[in-house]
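Form predicted on its own, single chain, as structure tokens, below.
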């Protein structure tokens, strides 16, 4: 009854766990959830006001599938000034960030094409490649003093079927940063083998000690790079489902075809809220970032105090990716923590084979929840160790 491609694709581990948590909460169970990557802050008031005003102004009809011109122009100016990516409005496509990744892969990948992506890496990269008929090629990140993605490891996986490389910096789930030198070396690989680069930079504003570097700012490979980002993480706009893609005009045209035959366009009032975020949102981004930094600095030492747990200090995003020495598969441990300690974490195996023995904890939660949740984790692990 159903297509093979949809039957063969695994469901999202993070969404599946989030649904399970909601079900338990509906049953009156006191579950603390650290699974979804969603800021706990409300969307800033000026963004909401702009969307309300747009509704009052009657902006409830179809608009351009590429996005309303003022928002495309604002995004082009933003990526030019902030990221160093030379872009005009016709290099911009407005669409949900997740759909931008999906649409880009659909536009680039033919059946049998290979796409390199990080392991551990975001749960949807592999399934998106499979849904296009492609072959996911995970390349293990190495754990040294931090998680790193080595250019030589990537180069060793390139074949005559390789079509693209997916990058994610800062990383979900590790919180690591790909250095500018490494990104330049990956750009050399793409140039040498005529590959496209899909750069997922949704956490670009959540970099704590370094400066974010966009690979699309490297002029000689600019037309090879599709940069994808958005408003969800930086502006607490996850439910608004709005982001952007920056690419050469032909790639924008091709991905826009998919938008035209699926979503048609994003709601105009949502886009007006996004426009207000870019025009007036610098202060709210800084405020949220500093709170995430403070939570990170609180959470990581607390986790490292637990016997059998080790966690590096992440340099970006809002995840603690910690290792346990319990010898229990991460999926099984996640279920035990949920059922017995009423704490929801994402198993590291959801992010690839390199994530086994790790758990991902989102610290996009209140300090009280973080303190209580880590206490529950500590007591549960202590009970297992006897």
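Positions refer to the first chain, counted from 1. What you see is a predicted model, and the numbers here were worked out from it, not measured in a lab.
The discussion below concerns the form predicted in complex with a small molecule, not included here.
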(request) Would you mind picking out the stretch of 337 to 345, 29 to 37, 54 to 62, 324 to 332 that comes within 4.5 angstroms of the small molecule in the predicted bound form, counting non-hydrogen atoms? (result) 29 to 37
(message) Quick one: 14, 122 and 203 and the small molecule in the predicted bound form, is every residue within 4.5 Å by at least one heavy atom?
(response) yes
(message) Just to confirm, with a 4.5 Å cut-off on non-hydrogen atoms, which of 98, 161, 257, 86 contacts the small molecule in the predicted bound form?
(response) 98
(message) Within 4.5 Å, heavy atoms only, which of 227, 172, 271, 91 is in contact with the small molecule in the predicted bound form?
(response) 172
(message) Under a 4.5 Å heavy atom criterion, is residue 319 part of the interface with the small molecule in the predicted bound form?
(response) yes
